[in-house]
Ligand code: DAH
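Just the one chain here, laid out as structure tokens, in the form predicted alone.
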Amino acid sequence: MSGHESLIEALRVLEIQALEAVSAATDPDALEALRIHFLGRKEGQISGILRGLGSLSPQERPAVGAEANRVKERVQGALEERKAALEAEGGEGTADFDLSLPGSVGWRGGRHPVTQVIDELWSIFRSMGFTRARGPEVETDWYNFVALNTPLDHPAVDEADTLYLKNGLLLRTHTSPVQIRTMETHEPPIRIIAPGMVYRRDTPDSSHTPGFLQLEGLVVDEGITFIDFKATLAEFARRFWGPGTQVRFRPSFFPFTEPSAEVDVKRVITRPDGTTEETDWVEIMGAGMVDPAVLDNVGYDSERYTGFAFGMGPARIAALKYGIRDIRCFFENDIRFLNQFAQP
């Protein structure tokens, strides 16, 4: 038997072996192993025979090449047919699907519970005629302290409370600088809400975090009185927590308001069985009438204009709303916790 005849005979023997092995394969992994064994470029048996073409004469090579191509196509076709048959049969080890399993649902994003509360607060104040204002989180001493009637020797300016940056800049400790920036660029009447991040050198605990959201409010116009101040915040509290909510104003002190007050609420909670329970008094914000010195600092006529300002922490409001005792739960990114507040 000549050289090219022996190669052709070897190809036909491999064809028979390959077809028998493919027919006996019971899973896709076995089929892939057979493909590599017979048709692989480096390890394949048929490829190994083709590498022997170099020893044949130019007249003998075409016959061997044609037979090799025929065998490769036959084996490849057998592999594809067997794979399709296994998938149709759904036999053991095949890549079929268990139709009894529940469908998988991809993760869906949702609004954070604190963001939901901010949106609710904004909706209430917007219906009362407020607009939304923003300001930078990196501020100067002037906007964060001095313009707000807080001298630089005030304890709040100390580095123990404030995060200072280079070039005399700092991370704002409250959203009140937005009040100053708004009054510098707008004439009264002003009625704004300014939500945003603020930063302080606080140790994280159940009621404090170094970075947190705050929502500031400011009203300035002619004839604004303490009655307007109390009525606005009382109306807000009753819209947010319900008509049975009681509101209390306690005297306090803030450098940029005079008189100043802490605002407390006593809520009525409805239990699952339909009964109601009245809570204790809980502080929700600091507020007061805008100090005339603040109005003078932005060029307003403090004899003509008056106003009031207030500030609250939406995370604290959310904790009260949802009965959460530790505000750190809102920021630990525990999907199990956050999913409780997911909205459809």
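Here the structure is a predicted model, which means the values were calculated and not measured. Residue positions are given as counts along the sequence shown, with the first one as 1.
Another form exists, predicted together with this ligand; not displayed. Remarks below refer to it.
The single option of 68, 34, 309, 319 touching this ligand in the model of the complex, heavy atom within 4.5 Å: That would be 309.
This ligand contact in the model of the complex: residue 191, any heavy atom under 4.5 Å: Close contact is absent here: in the model of the complex, residue 191 is far from this ligand, nothing within 4.5 Å, heavy atoms only.
Exercise: residue 284 in contact with this ligand in the model of the complex, heavy atom 4.5 Å: Contact with this ligand, no.
Contact label in the model of the complex: residue 200 to this ligand, heavy atom within 4.5 Å: Although this ligand is absent here, residue 200 would touch it in the model of the complex, with heavy atoms inside 4.5 Å.
Contact test in the model of the complex: residue 139 vs this ligand, heavy atoms, 4.5 Å: No, residue 139 is distant from the partner.
Segment assignment from 267-275, 162-170, 214-222, 182-190: heavy atom within 4.5 Å of this ligand in the model of the complex: Heavy atoms within 4.5 Å of this ligand in the model of the complex occur in 214-222.
Residues within 4.5 Å of this ligand in the model of the complex, restricted to 224-261 and counted by heavy atom: Counting only heavy atoms within 4.5 Å of this ligand in the model of the complex, the contacting residues of 224-261 are 254, 256, 257.
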